[in-house]
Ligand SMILES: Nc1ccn([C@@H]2O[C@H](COP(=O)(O)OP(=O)(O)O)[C@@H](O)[C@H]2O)c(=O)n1
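First, one chain by itself: the form predicted on its own, in structure tokens.
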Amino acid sequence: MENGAARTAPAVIVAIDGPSGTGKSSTSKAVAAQLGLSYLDTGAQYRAITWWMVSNGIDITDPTAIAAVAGKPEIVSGTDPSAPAISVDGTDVAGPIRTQEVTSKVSAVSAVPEVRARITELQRSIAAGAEDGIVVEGRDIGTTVLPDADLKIFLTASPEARAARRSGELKGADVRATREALLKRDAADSSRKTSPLAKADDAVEVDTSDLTLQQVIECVVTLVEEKRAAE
């Protein structure tokens, strides 16, 4: 941030979408840190509201019950790429939202229109308040949340590559089971009525199957720098 060039460069809003296991979070955080931008993990917000629902005994199979309380939890997201924080009603939930229990229920909760409306509004206000620009990663950022983003990137990878990465993250997880879980999550995210996972027409697609994380980061940094130069 001390770099004067970063401050005088035009503030850009970068939307990075794609399914799980494509390297989205690692890429987004690294690009934001490298370019002096804020960072927002929108998936963490959906996990946070899911964690709150589970903790408060809300019936996850009942969309009406979920919709009725969607406005209750206060979710606060930190936007520092080197230490992205998230809290619900003042409680740090960065760890609890990554449990298998939350992971298995997040698709059901995030499919409820009232939940999406609530979280989308939160995401837009965070992006609007990022003075130096922001990298926002998720599944519907370029299509729904920030359709006017300066740069839209859609990361993709083969199911095999994604499963291998994800099971590496989940230390010792079965790659086949992980692949099935990812494909199931894709199907749920792509088929939901409200803001499905989809590539925006004007997004740049980057297939990360055969790239190292460093190569993906370099590719995205180059795209952002070209966009800034064009501004």
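Residue numbers here begin at 1 and follow the sequence given. Note that this is a predicted model, so its numbers are computed, not measured.
The same protein also has a form predicted in complex with this ligand, omitted here; what follows describes it.
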Task: Contact at 114, 118 and 193 by this ligand in the predicted complex, all three, heavy atom at most 4.5 Å - done: no
Task: Contact residue in the predicted complex, chosen from 146, 93, 106, 151 - any heavy atom within 4.5 Å of this ligand - done: 106
- [ ] Please run the contact check for residue 134 against this ligand in the predicted complex: heavy atoms, 4.5 angstroms, yes or no?
- [x] no
- [ ] Answer for residue 42 alone: is it within 4.5 Å of this ligand in the predicted complex, judged on heavy atom distances?
- [x] yes
Open item on the list: Can you work out whether residue 46 and this ligand are in contact in the predicted complex, taking contact to mean some heavy atom pair no more than 4.5 Å apart?
Closed with: yes
Open item on the list: So, residue 98 and this ligand: in the predicted complex, are they within 4.5 Å at any heavy atom pair?
Closed with: yes
TODO: Counting only non-hydrogen atoms, choose the one of 52-60, 182-190, 30-38, 66-74 that falls within 4.5 Å of this ligand in the predicted complex.
DONE: 182-190
Open item on the list: Do any residues of 12-35 have a non-hydrogen atom within 4.5 angstroms of this ligand in the predicted complex? If so, which ones, in sequence order?
Closed with: 20, 21, 24
